[in-house]
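Same protein, same chain, two forms; see structure 1 and structure 2 below, as structure tokens.
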Structure 1
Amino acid sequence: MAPIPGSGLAKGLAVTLRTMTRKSVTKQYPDTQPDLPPRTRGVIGLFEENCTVCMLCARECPDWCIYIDSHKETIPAATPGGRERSRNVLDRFAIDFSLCMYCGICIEVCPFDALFWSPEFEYAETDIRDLTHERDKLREWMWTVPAPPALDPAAEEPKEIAAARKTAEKLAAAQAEAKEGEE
């Protein structure tokens, strides 16, 4: 059946009128904070306890906006007669957010989970030089990192949990076998 002439026009009018009667989606930002999803690329937080100064992030950064300084320290042997170990100690970790393009490669490459995305975004400055943030500031932002979002219902298990579960199952199976053998 051919549509009635002008029904499209009426439909258009209906859409706009319906939208008007509904609540608008605008968030009044400075008055109310937006609820951003976890993993929002707001700023990069540094969990410096995890950092081993491997320099992978600084080397992979396309903008070269990560500055890292460190020195080596020698730790006396833990056990008497043992070997002395040397350890990297972080002196400076800074990210220049005027250069950063928020690609997230540094976070992807960090093998020790020391870098995280935080939804925090209110760190504008009036001077471009003030956008280079040092480790204390980056560490503070770590507190704003939310828990990772829940996995999809049908998603694969996280690797760590899968491994732990397998070990636990193996152990349980071994115990059960041992019990059976006793009986």
Structure 2
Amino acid sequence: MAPIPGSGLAKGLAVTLRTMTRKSVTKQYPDTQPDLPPRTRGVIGLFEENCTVCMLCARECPDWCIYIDSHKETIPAATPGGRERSRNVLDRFAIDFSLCMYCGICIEVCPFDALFWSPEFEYAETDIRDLTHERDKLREWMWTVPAPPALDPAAEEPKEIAAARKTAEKLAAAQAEAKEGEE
């Protein structure tokens, strides 16, 4: 049996008429900001004070989009007769977001918590060469990083904190015994 001529047009108009009366679910992005989840992955922020220039993030990055330059500085001895120390000083930390695939490996491997996910997502550029962001821009994004979620009160205490507390308690007990012995 052949379809009635014009039935497709009638069905299309019926769908149009049905949806014309419904409220639109489309949000006009620049005018209406989206409601993002609290831990949204947007861009990577750098907490420069924690960076020890260990280069783990740059080595583990599958896209090789992290560029780090540093130099060594000699720190004088803290006590007379002590030896001088040397430390790496960060000269350049840049991420090329035109190459980055936002996998988060750099954030996961950083042992000093110098890299964080920021929910900032509006960093488009008109030229692809401008998507390499230096440490100043990465530092600005650090202030948009939300605080970590609260710890579960029923969870076990981290072993590092428990060990530090035990050591502090032993030192306090030893000091108390020393004071009692002096009196």
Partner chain sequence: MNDALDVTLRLLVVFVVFLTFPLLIGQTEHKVMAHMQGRLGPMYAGGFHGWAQLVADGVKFAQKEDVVPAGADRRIFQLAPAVALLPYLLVLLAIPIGPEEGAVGEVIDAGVFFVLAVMGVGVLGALMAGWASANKFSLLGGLRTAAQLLAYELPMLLAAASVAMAAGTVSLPGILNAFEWWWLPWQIVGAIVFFVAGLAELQRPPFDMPVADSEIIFGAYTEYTGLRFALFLLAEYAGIVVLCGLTTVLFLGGWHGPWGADGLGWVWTLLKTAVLAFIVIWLRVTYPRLREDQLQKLSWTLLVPLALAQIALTGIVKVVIE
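Owing to the predicted nature of the structure, the values given are computational and were not obtained by experimental measurement. By convention here, residues take numbers in order along the sequence of structure 1, the first being 1. Heads up, when I say rigid core I mean the largest set of C-alphas that superpose within 1.5 Å between the two forms.
Here the chain taken from the form predicted in complex with the partner chain appears as structure 1, while structure 2 comes from elsewhere. The two forms, fitted on the rigid core, differ between structures 1 and 2 by 2 Å or more at the CA of A155. When the rigid core is held fixed, the Cα atom of Q33 travels 2 angstroms or more between structures 1 and 2. For R165, the Cα shift between structures 1 and 2 is 6.4 Å when the rigid core is held fixed in the overlay.
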